[in-house]
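Before any questions on how it binds or moves, here is one chain, the form predicted alone, in structure tokens.
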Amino acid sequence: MSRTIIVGGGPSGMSAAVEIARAGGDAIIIDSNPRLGGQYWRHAPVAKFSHDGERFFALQEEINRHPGIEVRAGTQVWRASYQEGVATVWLNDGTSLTSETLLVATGAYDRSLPFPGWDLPGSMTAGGAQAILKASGALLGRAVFVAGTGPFLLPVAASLVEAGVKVLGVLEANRVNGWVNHLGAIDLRKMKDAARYFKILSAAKVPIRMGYAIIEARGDGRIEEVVIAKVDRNFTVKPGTVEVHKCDAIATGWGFTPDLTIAHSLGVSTDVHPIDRSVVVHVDAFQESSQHGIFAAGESTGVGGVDLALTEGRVAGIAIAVQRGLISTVEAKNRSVGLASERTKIRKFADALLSVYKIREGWRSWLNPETILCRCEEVTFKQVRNVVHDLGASDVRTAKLLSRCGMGMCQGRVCGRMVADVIGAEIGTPATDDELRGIHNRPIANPISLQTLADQGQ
């Protein structure tokens, strides 16, 4: 049987590869980044981590010393298919790979919410700001606001502070008292991390303001000031709370969206998460999808952080080893002791995070008619409303075709979910599960040259 293909070299892909190697198997890890680690362990050529580097180095060392594990970094999968039990992936280097076992470990990307001026230079997602800092040490600005919702804002702000950036404030749109209903799900390990970030921010005198959001950015050619306001529990602006502050950049983050482009191309079944309505790969207890031999782990099965990704990767790697006949089910059971309960515990905490830091519908009240929703095609909120109220669009697909939202270079990665929510509100009916699934339908997963398309296209 051909070696296992692992698409994604982050925590879940790395841990799966290690388990396959320990069972005596071989695998190839394909990742678009120049080095292993994913977003969580993204780093410059010389890896330096402020914390948690031990786990990365241990995984990397085990992968490097195993002759059966190949790492193909800086390589993108632009197309994938599954036929008669065999998965095929086409790569942007002009080659293709086939295997009867494949792991989707493609992670997630930042979820964005629009507001007037969010498309100005100097506006970046929280994950983007952290990525360029980790990879090259580049700073998005000198005086920065970090805003949105979720615990990810804290490490982003802390890393900027440590890099010498003046962080003017961390604005959390939700309120921490939401944890009252989820005390049993709290992960004390994560609380220790949070305490460390709070200590860094406190020492730098960075204000952390709960129930506040950036509702507008202004500037001539780039961000020069932002409008912030206190928002209620539905994210609607509270009267009399608007403030204007000078800054030269902002990093905003509203959670994450699982990257299911490759999973969708492989035809696996997906679920719509009951809490945040994100689309995730449906997997069984062994992380296997609805397609035999296709497994998924990490954020593609639901955003849950590094610990869940590592655990799911191990489960998937062991299951792949069994399916390939490398180890027996008895040996797999011995290798898997404690993994199922650990996965359940972490998933409970992840679901609590989604509940506490949920995106509320009131964000749409921040928009004005000229607010850009689709940056690729420069489609405004007014134009989207017009295709519904003037042209009669009654579903997400029709509105997309009439407005061109989501039909640009990013193929809806950035605007797909927000546009679906806006259209659903204008129509009066929320986007259906199938419409949300359709956001991830990208036959060409990544940009390629016409020459590559001509050589490899079928």
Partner chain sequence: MKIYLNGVEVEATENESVGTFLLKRRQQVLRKTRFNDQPRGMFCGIGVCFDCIVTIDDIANQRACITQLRSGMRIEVTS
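Numbering follows the first chain given and starts at 1. Owing to the predicted nature of the structure, the values given are computational and were not obtained by experimental measurement.
There is another form of this protein, the form predicted in complex with its partner chain, and it is not shown here; the text below is about that form.
* To do: Choose from 59 to 67, 38 to 46, 422 to 430, 385 to 393 the stretch whose residues reach within 4.5 Å of its partner chain in the predicted complex, heavy atoms counted.
  => After filtering at 4.5 Å, what remains is 38 to 46.
* **Residue (of M191, I132, V244, V86) lying close to its partner chain in the predicted complex, criterion heavy atoms within 4.5 Å** => Selected residue: I132.
* in the predicted complex, which of the listed residues (F381, W118, Y197, F349) lies with a heavy atom within 4.5 Å of its partner chain? -> Among F381, W118, Y197, F349, a heavy atom within 4.5 Å of its partner chain in the predicted complex occurs only for W118.
* Asked: For the spot marked by P155, R314 and H440, is every residue within 4.5 Å of its partner chain in the predicted complex through some heavy atom?
  -> Heavy-atom distance to its partner chain in the predicted complex: none of the three under 4.5 Å.
* To do: Considering only heavy atoms, tell me if G240 and its partner chain come within 4.5 Å of each other in the predicted complex.
  => No, G240 stays farther than 4.5 Å from its partner chain in the predicted complex.
* **P447, heavy atom within 4.5 angstroms of its partner chain in the predicted complex** => So P447 counts as contacting its partner chain.
* **Non-hydrogen atom contact V272 with its partner chain in the predicted complex at 4.5 angstroms** => It does not: once its partner chain is placed as it appears in the predicted complex, V272 has no heavy atom within 4.5 Å of it.
* Asked: Hey, in the predicted complex, does R413 get a heavy atom within 4.5 angstroms of its partner chain?
  -> Close contact exists here: in the predicted complex, R413 approaches its partner chain to within 4.5 Å, heavy atoms only.
* **Stretch 375 to 392 - residues with a heavy atom within 4.5 Å of its partner chain in the predicted complex** => Counting only heavy atoms within 4.5 Å of its partner chain in the predicted complex, the contacting residues of 375 to 392 are R375, C376, E377, E378.
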